[in-house]
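First, one chain by itself in structure tokens, the form predicted alone.
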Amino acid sequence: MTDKTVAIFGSGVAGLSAALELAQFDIPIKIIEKSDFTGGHAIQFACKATDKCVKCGACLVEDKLNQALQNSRIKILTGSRIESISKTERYAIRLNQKPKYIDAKKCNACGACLYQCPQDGAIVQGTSRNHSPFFAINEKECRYLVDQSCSLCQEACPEKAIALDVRGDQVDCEADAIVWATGFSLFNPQNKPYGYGVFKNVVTNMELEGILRREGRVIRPSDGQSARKIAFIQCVGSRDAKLDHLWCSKICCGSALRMAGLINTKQPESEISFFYIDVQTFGRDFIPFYRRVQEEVRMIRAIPGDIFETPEGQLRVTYITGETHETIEEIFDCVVLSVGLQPCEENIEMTGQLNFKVSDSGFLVPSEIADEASNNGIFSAGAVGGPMGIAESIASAGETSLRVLKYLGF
């Protein structure tokens, strides 16, 4: 095994892919993840296969996570945030690691903690079969950690896997090179006129992914009943001049249309409307796939205005047609907001310590980093440099791995 070490920030598909590529050369890898769960956003995606694979990439993320967990050269530190990074001959990295409230060796994922907890959002559950423990404590919502007024989860755990009074750790590690693969954040649509956070049946595309994974169909969050009339609204938070978010998020069209195809297969009685500006192409099979979707989904080239809730809990959507410019109102059971991809806050926070170059949009400038990598040993991979899908993120990680190997002298 080489004496060179690489630290990878972010355990999404780009970070996992880069780790697996580099580990083939016997390089010890530390993946540093701020979340309680590995896999990034993409691990939350539901498989969109209907009668055949539609190349959504969800299975690729699961497979890479499984490989990384099985690889002895890869160590993953979850719940870890950067306190400082400095460099002399090597990078010295100091991390603040969140307390391990739930013991992964004892937890059997029975869910007793989740069912007993009286505080919404205090117990968070994973999305992957590779998440261990499958539950985590949200420090901002847990009543015990706020004022020590509740310890029901700890008392309810039959395996005694929960300890709410444990402390976190400070972890020091060194690395010869750094791969920054922190991915993206998601636009919060609460300030949009769609009633998100007010009307229960207005959800984001990521929330719908979770519903499909758990339920296998689309249900109305308000009452658990099957949703028949469903509206997808694209470009929520992206391609928006008012927000100065002029970029296309790339993955939203493909994800939403694949979800629409899956819903039509599982719930053939459903009626799906797709509101869009234009459709971003995706994949080599885009044209035949898109033709099939157009036969099943009503495509409406318009972006709705306001959404209001009816007394029955349905949603009244108003939009103006592009052809006749008339105002139309329609009633839907559920509205899905395809929220845009945004740069992570860490990009800005770390510009001083790591000499990052950030574009006007807030995403990293990968070409600038690549040019300077021979001097500073810092590389980027995946959507940290701008919106990209799973396949593109994997390809980006492969290219980055080659640059890292060259820098390390392989």
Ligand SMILES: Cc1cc2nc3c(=O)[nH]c(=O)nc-3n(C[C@H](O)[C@H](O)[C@H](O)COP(=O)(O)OP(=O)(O)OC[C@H]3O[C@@H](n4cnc5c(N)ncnc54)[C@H](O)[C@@H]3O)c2cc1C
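Values in this document were obtained by computation on a predicted structure and should not be read as measured data. One rule holds for the numbers: they count along the sequence shown, beginning at 1.
There is also a form predicted in complex with the ligand; it is not shown, and the following applies to it.
- Shown alone here, residue 258 lies within 4.5 Å of the ligand in the predicted bound form, counting heavy atoms only.
- For the chain shown alone, residue 227 is not a contact residue for the ligand in the predicted bound form, no non-hydrogen atom being within 4.5 angstroms.
- The ligand is not drawn, but in the predicted bound form it has a heavy atom within 4.5 Å of residue 41.
- Contact check for residue 48: a non-hydrogen atom falls within 4.5 Å of the ligand in the predicted bound form.
- With the partner left out here, the ligand still marks one of 158-166, 304-312, 122-130, 175-183 in the predicted bound form; by a 4.5 Å heavy atom cut-off that stretch is 175-183.
- The candidate site formed by 65, 211 and 334 is entirely out of contact with the ligand in the predicted bound form, as no residue has a non-hydrogen atom within 4.5 angstroms of it.
- The partner is absent here; in the predicted bound form, the one residue of 109, 171, 114, 206 having a heavy atom within 4.5 Å of the ligand is 206.
- Residue in contact with the ligand in the predicted bound form (any heavy atom within 4.5 Å), chosen from 92, 145, 82, 299: 82.
- Contacts between stretch 49-67 and the ligand, counted in the predicted bound form as any heavy atom lying within 4.5 Å, involve 56 alone.
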